[in-house]
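Next up is one chain by itself, shown in structure tokens, the form predicted on its own.
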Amino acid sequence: MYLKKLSLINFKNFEHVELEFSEKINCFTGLNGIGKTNLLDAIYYLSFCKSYFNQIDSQNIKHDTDFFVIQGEFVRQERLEMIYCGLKSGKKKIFKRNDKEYEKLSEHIGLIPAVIISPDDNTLIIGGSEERRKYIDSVISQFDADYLHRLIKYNRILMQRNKMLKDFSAQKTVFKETLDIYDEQLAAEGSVIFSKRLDFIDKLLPIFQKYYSLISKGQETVDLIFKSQLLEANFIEMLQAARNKDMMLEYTSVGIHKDDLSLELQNRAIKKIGSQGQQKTYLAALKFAQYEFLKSVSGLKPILLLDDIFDKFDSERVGQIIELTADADFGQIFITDTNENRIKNALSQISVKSNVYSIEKNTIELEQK
């Protein structure tokens, strides 16, 4: 699977852009702030129906305009797939596949699998548990539509239960039978979500350890430890035991919305002991493992988006990553870098077709290799 053509109108800093791509490696080079990352984000949009970097859709419309359009022509299992995303200020976002509009955006998730590696990924290490849950959810949702459906349903029930707890507090009254119904619904969805998360981490771990060893030359040990209250207790019993506490707090204090993932290096949290280089290697290995896992379960090679990942790497490690991704196990790759010479030198070491796009303020020049 690969992206053949991309067209943008009024997306972020681009007024109008039309690009054609290599089936293998495509590199965007230029100064910071010139729009390299915005091109990757447009591709991400076509996969996930949203921006990776700015979740408020309207803020991705070019300044002084009132709409944006992103269109991509993909080749997927030897068929052309035309994907359209359009947004007008104050209107609902429109997503189409081959001119047919989706009723629900969730129906599109998984059609165009993609993996992005970005400096923003550091929030997985330094951020709260919500960031790591989002990571787990985003991966599983790309290959398991039932998981995404259950997750949406769980979050809706959780909001309703929390609202009821607040209402009970304000009205100084409690309807136990209603809470029992919400508890049963939460437990039904949450128990399945928990099992699928646990299974995913169990399968991802050895792949992640393999990639970390490849990139770091096997000098350190890494681990991913899934943490959940459901590892120790039954969901329904846990909700019932926490009911009085929840009514005091006015929110649901237990459940899979408290799950976390401990990212460890040498048996300690990487955020405490990892250098910038180690953290960057850790995240790159995690995303490469995600890539291989998605490929194995979907039968498709996801699109790989590498945003400015070489900044803290020496030339040897840059070469290792380029050589790794140029392998036949990987499909189409998009790379951004401020250092055009660094990218060209790395590409010169491999015999793979690649395009290098040099971006300046109003022009994008293509050089093919």
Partner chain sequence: MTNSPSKLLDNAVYEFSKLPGIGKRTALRLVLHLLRKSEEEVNVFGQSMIDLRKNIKRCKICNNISDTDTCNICSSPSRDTTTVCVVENIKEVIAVENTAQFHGLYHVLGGLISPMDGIGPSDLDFDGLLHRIRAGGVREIILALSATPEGDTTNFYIYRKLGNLPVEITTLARGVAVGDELEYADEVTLGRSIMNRIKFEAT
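Numbering follows the first chain given and starts at 1. Since this is a predicted model, take the numbers as computed values, not measurements.
Although not depicted, the form predicted in complex with its partner chain is the subject of the following passage.
K.L.:
Decide yes or no: are E323, D327 and D329 jointly within 4.5 Å of its partner chain in the predicted complex, with each residue judged by its heavy atoms?
P.N.:
Contact check failed for every one of E323, D327 and D329.
K.L.:
So which stretch, 175-183, 75-83, 262-270, 132-140, is the one near its partner chain in the predicted complex (non-hydrogen atoms, 4.5 Å)?
P.N.:
That would be 175-183.
K.L.:
Can any non-hydrogen atom of M164 be found within 4.5 angstroms of its partner chain in the predicted complex?
P.N.:
Yes, M164 lies within 4.5 Å of its partner chain in the predicted complex.
K.L.:
In the predicted complex, is there a heavy atom of its partner chain that lies within 4.5 Å of any heavy atom of K153, even though the partner is absent here?
P.N.:
Judged by the heavy-atom cut-off of 4.5 Å, K153 is in contact with its partner chain in the predicted complex.
K.L.:
How about K203: is it within 4.5 Å of its partner chain in the predicted complex, going by heavy atoms?
P.N.:
Taking the distances in the predicted complex, the answer for K203 is no, it never comes within 4.5 Å of its partner chain.
K.L.:
Residue-level question: is D146 within 4.5 Å of its partner chain in the predicted complex, judged on heavy atoms?
P.N.:
D146: contacts its partner chain in the predicted complex.
K.L.:
Using a 4.5 Å heavy atom cut-off, which residue among S298, S195, T123, Q160 comes into contact with its partner chain in the predicted complex?
P.N.:
Selected residue: Q160.
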